[in-house]
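In the form predicted on its own, a lone chain appears below as structure tokens.
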């Protein structure tokens, strides 16, 4: 190998190994991060929300084609307006949150990334886990990287970067063993989930 080719190869290896990655924490002390869910059946439309969100995502914000991490929702934090309906939803007949306290999405791959300034769209593939059942799904996402903006969100108390993630996707409750085929007039089998969360990467 010619000397200059060897030097170029070494430089590429070093630059790749030094690619700056950041870990973004989605446990929001302000409680603003939220997930909403809707089940629109013929007789009733049920909507709920939660801000019991945690988890981390690690990536290179300038080239986020490879990403690792998991977003976790505290299943017991899910809320609907009707108190009786909420008790049923969290109980062992439906979500069984005592036995399955977490709902999670573990990221494995980003596809079809399109960048537009600080924002971008992509398809994120990962494993969605609910009530003890895990399935691979792909969801469209919009991601906005905001370097140096963490202080704006925290009132100047902490310096760092933000990663804002928004997505909407659907799944079938029957595929996760939640009353398959039952109560379809009042509780839709299709669940629509919308997520709007910001992760923080503080700087020392």
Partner chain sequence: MKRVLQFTAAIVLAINLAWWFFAGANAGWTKTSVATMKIDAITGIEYPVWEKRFVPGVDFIALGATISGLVLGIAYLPNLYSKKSS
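The term rigid core refers to the maximal set of C-alpha atoms that superpose within 1.5 Å between the two forms. Numbering follows the first chain given and starts at 1. What you see is a predicted model, and the numbers here were worked out from it, not measured in a lab.
There is also a form predicted in complex with the partner chain; it is not shown, and the following applies to it.
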*Of 80, 107, 90, 72, which residue is found within 4.5 angstroms of the partner chain in the model of the complex when only non-hydrogen atoms are counted?*
80
*Selected contact from 53, 141, 67, 164, since only one has a non-hydrogen atom within 4.5 angstroms of the partner chain in the model of the complex*: 164
*Quick one: does residue 44 come within 4.5 Å of the partner chain in the model of the complex, counting heavy atoms only?*
yes
*Is residue 127 a contact residue for the partner chain in the model of the complex, using a 4.5 Å heavy atom cut-off?*
no
*Answer for residue 137 alone: is it within 4.5 Å of the partner chain in the model of the complex, judged on heavy atom distances?*
no
*Wondering, does residue 184 line up within 4.5 Å of the partner chain in the model of the complex on heavy atoms?*
no
*Every residue in 100, 173 and 177 with a non-hydrogen atom within 4.5 Å of the partner chain in the model of the complex?*
no
_Contact segment among 110 to 118, 91 to 99, 72 to 80, 129 to 137, judged by heavy atoms lying within 4.5 Å of the partner chain in the model of the complex_ = 72 to 80
*Heavy atoms within 4.5 Å of the partner chain in the model of the complex is the criterion; list the residues of 28 to 50 that meet it.*
30, 31, 32, 33, 34, 43, 44, 49
*Any CA movement of 2 Å or more for residue 31 between the shown form and the other one, core superposed?*
no
*residue 44: Cα shift of 2 Å or greater between the shown form and the other one (core-aligned)*: yes
